[in-house]
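What follows is a single chain, given as structure tokens, in the form predicted alone.
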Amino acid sequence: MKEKIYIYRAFERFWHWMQSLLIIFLGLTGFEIHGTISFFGYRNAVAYHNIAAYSFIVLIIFAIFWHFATGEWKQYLPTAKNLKAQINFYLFGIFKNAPHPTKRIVLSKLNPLQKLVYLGLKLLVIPVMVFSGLIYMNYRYPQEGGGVEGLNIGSIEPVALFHTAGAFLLLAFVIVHLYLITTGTTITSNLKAMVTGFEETENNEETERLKETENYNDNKQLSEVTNG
């Protein structure tokens, strides 16, 4: 018997979709600034990229506050449990219709591999992108040689290289993420969960574990209202 469990809260879903849109938009405008594509026009691309970048920073600030206020930051604590099984599932098991080695519940929304990847993004890739981007936007080209006073930078090239490398890492993540969206119970189940907040799961030991948490009754009521 299957049961719907309320997994993703409203702000979590809003943050996810806004972050996705901003990253994609920053990628489009960023690659146009580099001359890879042509769509908005160079000047417009620079202006749009800066606006999106500051919007992304504001979103990050709100997300950090929300994660610590709700305790959701614990979702990203890495664990070795089932890590090897998860890697084997993505490499081999998924092509043999093998069962998923981990189940998504309120207290553990990410599998062991996702925890490592998302933690790396939050602690390494995104901070590098933000700080290198801020330096990039506030860089003032010297009129008479020398570096930028205050930043002590003789050349913007290293910053640009770090920023571009981070952009390619984010692009790779988005591509892999889009593929992994289709690896749920059905092709669209993961997508629907991030739209509605509800995850369809078997009524088994995972549900029993939820009953032991203070969130279960609220989740159950939300599920009954939705299903009713």
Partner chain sequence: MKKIVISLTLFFFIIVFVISSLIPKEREESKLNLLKEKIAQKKAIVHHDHSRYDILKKKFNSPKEVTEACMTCHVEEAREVMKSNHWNWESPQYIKGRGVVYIGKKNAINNFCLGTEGNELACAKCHVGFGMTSSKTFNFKDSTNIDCLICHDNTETYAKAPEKGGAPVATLDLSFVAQNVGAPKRTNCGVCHFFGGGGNNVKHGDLEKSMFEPNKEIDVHMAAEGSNLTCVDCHITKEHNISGQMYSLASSNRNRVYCEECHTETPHEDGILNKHTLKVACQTCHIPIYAKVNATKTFWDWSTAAKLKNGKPYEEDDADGNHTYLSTKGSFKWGKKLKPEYIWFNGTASHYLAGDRIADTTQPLILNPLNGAYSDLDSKIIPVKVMITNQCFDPVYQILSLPKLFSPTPGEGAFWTDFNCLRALDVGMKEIGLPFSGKLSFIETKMNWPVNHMVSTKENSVKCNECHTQNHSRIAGVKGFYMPARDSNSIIETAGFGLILLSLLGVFVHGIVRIYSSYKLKKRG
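Residue numbers count along the first chain shown, from 1. What you see is a predicted model, and the numbers here were worked out from it, not measured in a lab.
Missing here is the form predicted in complex with its partner chain; even so, the following discussion is about that form.
Here is the short version: of L171, A63, M194, L28, the single residue with a heavy atom within 4.5 Å of its partner chain in the predicted bound form is L171.
With the partner omitted here, the residue from L110, L83, I156, L121 that has a non-hydrogen atom within 4.5 angstroms of its partner chain in the predicted bound form is I156.
When contacts are judged by a 4.5 Å heavy atom cut-off, F95 counts as touching its partner chain in the predicted bound form.
Although the partner is absent here, Y76 is not a contact residue: none of its heavy atoms lies within 4.5 angstroms of its partner chain in the predicted bound form. Contact annotation for S189: none of its heavy atoms lies within 4.5 Å of its partner chain in the predicted bound form. In the predicted bound form, its partner chain sits beyond 4.5 Å of every heavy atom of F68. Annotation: in the predicted bound form, residues N50, Y90 and I175 each come within 4.5 Å of its partner chain through at least one heavy atom.
Interface residues of 39 to 60, taken as those with a heavy atom within 4.5 Å of its partner chain in the predicted bound form (partner not displayed): Y42, R43, V46, N50, I51, Y54, S55, V58, L59, in sequence order.
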